[in-house]
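A lone chain, given as structure tokens: the form predicted on its own.
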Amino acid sequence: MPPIISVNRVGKTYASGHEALKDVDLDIQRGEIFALLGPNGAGKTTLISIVCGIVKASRGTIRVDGHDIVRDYRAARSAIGLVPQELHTDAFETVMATLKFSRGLFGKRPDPALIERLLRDLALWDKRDAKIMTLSGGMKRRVMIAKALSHEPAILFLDEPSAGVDVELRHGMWQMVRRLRESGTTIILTTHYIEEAEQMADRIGVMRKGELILVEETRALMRTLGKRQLTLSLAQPLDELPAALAGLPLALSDDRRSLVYRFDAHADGAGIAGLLARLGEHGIAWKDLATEESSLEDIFVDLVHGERA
């Protein structure tokens, strides 16, 4: 099955000379949740804006649901629902009216049952007759999501969907996104909440300085780039590591009471067994140990700082 979004050698250079995107290639598969990560200024919003037809690319081509976004603009755009990072909507309209109007913009016939379902799914039904200006920031964010879904798009872009949303609403939003995926909607999200990507995304792309530096399945990324950490509580404080152990990825804690050993997540237990044996050879006794795996946040920080590429 062909990808629902195909980005081919897309670049964006502004009149000032700033190169916001550097020949990005990306295929997004139908029905997946794809998370786009990167620090501020990495190019995430620029890429989304180009795909959605808001910003014009300097070079390259993009196809959305089989349609070229330049030659077949209307068909491509009608396949997309966009929830932008900034909250832009008519503050004096009611929630119900703004959804009906948004659906009509795409030439869709009125569908009261669909609008009701969207509002109920997003816990907005009780606010259907309220003016948007009276809503909280989190509710306004949910109205934007409902608007984006009002014309039943095949693709939903969520640019920082959890910004300004409390923890309870954030988890409710995740559940809604998963239900959308189950119904066949393709979802692309940008987020600063690393746990959001780790919990929800099938695949993750990482951007840095206008380049897409990595695209990988979430589980494979954790498996390949993750690290495990072994912490050994020492029976007696240690003044310094023996010189014979200096070549190991081993560090002595500031209080001299623990040793920290980092190793590949996919390595077998032989490395730990060998370490313990070498410690015994040098008379270093330990009384307890604990292991932990690096999180996606650890991996992300390493990637954007150029430590892994």
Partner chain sequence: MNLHAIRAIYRFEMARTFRTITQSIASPVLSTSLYFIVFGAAIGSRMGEIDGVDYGAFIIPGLLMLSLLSESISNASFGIYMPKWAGTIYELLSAPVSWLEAVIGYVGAAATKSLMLGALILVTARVFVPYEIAHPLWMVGFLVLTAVTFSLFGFVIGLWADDFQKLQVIPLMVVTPLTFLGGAFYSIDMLPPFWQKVTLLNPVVYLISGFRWSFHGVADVHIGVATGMTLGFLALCLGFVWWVFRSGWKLRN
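All figures in this text were calculated on a predicted structure; none of them were measured in a lab. Residue numbers count along the first chain shown, from 1.
The same protein also exists as the form predicted in complex with its partner chain; that form is not shown, yet it is the one meant from here on.
You can rule out all but one of 207-215, 116-124, 89-97, 176-184: in the predicted bound form, only 89-97 has residues with a heavy atom within 4.5 Å of its partner chain. Highlighted residues His67, Arg71 and Thr190: none comes within 4.5 Å of its partner chain in the predicted bound form, counting any heavy atom. In terms of contact with its partner chain in the predicted bound form, the residue from Ala201, Leu221, Leu82, Leu232 that brings a heavy atom within 4.5 Å is Leu82. The single contact residue among Gly137, Pro112, Pro237, Gly107, judged by any heavy atom lying within 4.5 Å of its partner chain in the predicted bound form, is Gly107. At the 4.5 Å threshold, heavy atoms of Lys147 reach its partner chain in the predicted bound form. Proximity of Ile54 to its partner chain in the predicted bound form falls within the 4.5 Å heavy atom cutoff. In the predicted bound form, at least one heavy atom of Arg77 sits within 4.5 Å of its partner chain.
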